[in-house]
Ligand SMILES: Nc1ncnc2c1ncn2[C@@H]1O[C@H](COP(=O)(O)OP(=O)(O)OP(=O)(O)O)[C@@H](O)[C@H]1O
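Take a look at this one chain, the form predicted on its own, written out in structure tokens.
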Amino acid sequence: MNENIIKIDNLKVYFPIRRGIFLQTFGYIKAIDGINIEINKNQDISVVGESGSGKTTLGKSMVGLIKPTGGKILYNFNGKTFDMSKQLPIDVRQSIQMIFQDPFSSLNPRLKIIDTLKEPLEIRKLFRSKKEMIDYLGELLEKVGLKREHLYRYPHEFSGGQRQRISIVRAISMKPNVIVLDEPTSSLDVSVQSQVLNLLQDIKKEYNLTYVFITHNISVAKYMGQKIIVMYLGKIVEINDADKLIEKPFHPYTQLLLSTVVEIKSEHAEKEVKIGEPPSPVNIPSGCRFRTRCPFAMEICAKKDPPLSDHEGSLVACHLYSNQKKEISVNNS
């Protein structure tokens, strides 16, 4: 039986919009608007969507960097369940790590690499001596393709790919159970991206980790995830196994994402999906949020937000399929 390690229950993250000299609240940006996810131990999940879909907010909420407006993120650690929005023991907090998108800003430019890496280890008092700790960090650097002497250099002395490798060392040094990766290769040169992705795959297997991989590139999502979650304007629009979702996407937005990737063009879209720009998160369309870009939009799409429901093994939020089910039941009667 698969062990559930993270359960997200009706998560909402709203950011207030404030204006004027008194900073009065005039509304909210609904970055995450009521989503439910269950992640099993050692299961790799990819979260994909355009900028503004809420995927980074989701990742930061999972590691406790952003407090939810509503709902819960429950984390199973050593048989006990913890609410990630609460004050947690340090060993629980450090068992979920995050690798950020920009390796240039995620490392303190004023600190040598050893000072950055040793701080969390010293807090936990995991080693009996400084030499033992330095040997441990040196071994990890070699594991990601760097050298032990790199511990005594500053971040500006490294390339982008090398800095991201140092970020990987920082994450795995705490021996976590879960790592959230927020587009860790998007700021790197194309020639370096595949190297880092392959390294992450090797690290995952060696340390028996659970990955939540956030990306805007659906081909990368397929490579890094066993299951793909597609997000649009704070909502989940489709969830399925990676291979099945790529082979047969149902939601028009998923089809749009696939249509932009040359190597995995989707042949299942009956109409060309409009690319365009997503609506402002300040002024989200009524009903289905994707309807303003959808060639299949119907009258009901403007009135009712489609629920996430099962269709041929995929969880998809689209009236196109819920209407089909209704028509089938009517015809059968």
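The first residue of the shown sequence is 1; numbering continues from there. In this text the structure is predicted, and so the values were computed from the model without any measurement.
Another form exists, predicted together with the ligand; not displayed. Remarks below refer to it.
Engineer: So in the predicted complex, are Ile29, Gly54 and Glu183 all sitting within 4.5 Å of the ligand, heavy atoms only?
Structural biologist: Spot residues vs the ligand: full contact, yes.
Engineer: Residue-level contact is defined here as any heavy atom of the residue lying within 4.5 Å of the ligand in the predicted complex; does Asp44 satisfy this criterion?
Structural biologist: Although the ligand is absent here, Asp44 would stay clear of it in the predicted complex, with no heavy atoms inside 4.5 Å.
Engineer: Consider Pro278 of the chain shown here, and say whether it contacts the ligand in the predicted complex, taking contact as heavy atoms within 4.5 Å.
Structural biologist: Heavy-atom contact with the ligand at 4.5 Å: absent for Pro278.
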